[in-house]
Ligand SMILES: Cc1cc2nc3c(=O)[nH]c(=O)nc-3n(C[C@H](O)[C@H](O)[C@H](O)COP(=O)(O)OP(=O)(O)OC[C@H]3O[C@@H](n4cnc5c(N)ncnc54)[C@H](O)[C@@H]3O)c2cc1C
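Let's start with one chain on its own, the form predicted alone, as structure tokens.
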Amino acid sequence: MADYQLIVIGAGPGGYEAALRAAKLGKKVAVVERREAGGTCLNRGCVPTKTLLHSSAIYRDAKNGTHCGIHADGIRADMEEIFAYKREISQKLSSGIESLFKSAKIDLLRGTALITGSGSVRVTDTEGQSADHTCDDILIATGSVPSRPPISGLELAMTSDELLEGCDHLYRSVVIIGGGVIGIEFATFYADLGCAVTVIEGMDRLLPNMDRELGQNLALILKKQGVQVFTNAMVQGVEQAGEDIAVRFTCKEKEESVAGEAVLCAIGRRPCCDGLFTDGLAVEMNGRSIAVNENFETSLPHIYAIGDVSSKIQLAHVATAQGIACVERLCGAENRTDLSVVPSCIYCRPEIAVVGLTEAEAKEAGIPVKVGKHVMFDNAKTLIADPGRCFMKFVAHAETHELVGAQLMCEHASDMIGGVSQALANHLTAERFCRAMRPHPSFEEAMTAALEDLVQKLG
């Protein structure tokens, strides 16, 4: 008889939620984790970044005396205190997960996992002591790590993992390579604190994988906040320049260079599966990701993979949904989450939240669509908060009127996108979603205006 019915490798959002659901469904479960429970999201990603942004917003408002006419000159950002608070939040959440494991009678095996067969995992602790464990099934949820492309001198730059370890002082200036989600959130954090920030993005706009207007609008807002933005800029090298670090790049066929006290490499993340399998044992790969089928099965029997290590979309809530779905299918339970409707959020100022298709993506897929839009100049809560130009867009099938996508750029967008995701998951038409009464004053009431514009265009 096997030691466990399921061994989960990785205690991030995908792994720990899958383990908890499996235990609830009656399985004997172990989780292997070499670092803190909660994985990247709770300790080196989503949560610590949002904690820093919360702190920097408080500092910014105190410094500027936002909306009260009082300017508190002389206030300085206490970086040690900011990062101590970040660590406190992460530790509380990580400890909470361990408590949940104990309550669910899940064994937390501390160490590095090595898959030695379809039903066996060797766990080696920090002192080099190894123990072999047998199981019926293995679920790989090892996540991802920051990418470092082969650029000369890039070892001088930090990754997000290293930056989140903390610093005892505020950098005078920061150069951020990469204008995606990670780069933009750190640009917002340091701009709040008054640091000179430069963002270098290789594509033609910030947030290149999202609706074009989002990236263009964000660039305008960041520039008003004093952030220097370069797009269509390809980094050629990084080098020491006295006390600073210089980044050389080409922009519009012109060679440029910008220096900062620190440089952040935020070019993306890659699946973390190095050293996961013993010699002679391997799974099929899809590029750098582990290849899986619709049930999250790898090419090896009884071995599954979810989250960043195998998914095209690297988001914590995607990993969670996949982990739960995988376990439920293993146990013969009904999976309740629509895995095709994936919301995504960026915690800049104002926030950005999207779900479904953009207008361009729909047209590229041959789907006839109409778009409704409302710019929130007349929204009372937006006028009060004054975050810059805000808007909402909804995309619907031109023939069926079913909603297929939405893009929100406004305060609290991340809190509102869930309701829009429900509309997409339940195949609501624009007309039906427009029927809901929304409170006044609120940011959300702008949805009605955008939906009314969409309904009028649909005819």
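These numbers were taken from a predicted model, which means no experiment stands behind them. Position 1 is the first residue in the sequence shown; the rest follow in order.
If you look for the form predicted together with the named molecule, you will not find it shown, but the lines that follow are about it.
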*Residues in which of 47-55, 410-418, 428-436, 394-402 have heavy atoms within 4.5 Å of the named molecule in the predicted bound form?*
47-55
*Work out which of Val371, Ala77, Ala325, Ala316 lies within 4.5 Å of the named molecule in the predicted bound form, going by heavy atoms.*
Ala316
*May I ask you to choose, among Ile138, Leu222, Cys272, Leu207, the residue with a heavy atom within 4.5 Å of the named molecule in the predicted bound form?*
Cys272
*Are all three residues Tyr85, Val227 and Val229 in contact with the named molecule in the predicted bound form, where contact means a non-hydrogen atom within 4.5 Å?*
no
_I'd like to know if Gly143 sits close to the named molecule in the predicted bound form, meaning any non-hydrogen atom pair within 4.5 angstroms._
yes
*asked:* Whether Arg34 contacts the named molecule in the predicted bound form should be assessed with a 4.5 Å heavy atom distance threshold; does it?
replied: yes
*Would Gly194 count as a contact of the named molecule in the predicted bound form, using a 4.5 angstroms cut-off between non-hydrogen atoms?*
no
*Are any of the heavy atoms in Gly111 no more than 4.5 Å from a heavy atom of the named molecule in the predicted bound form?*
yes
*For the stretch 7-31, return the residues whose heavy atoms include at least one within 4.5 Å of the named molecule in the predicted bound form, in the order they occur.*
Ile9, Gly10, Ala11, Gly12, Pro13, Gly14, Gly15
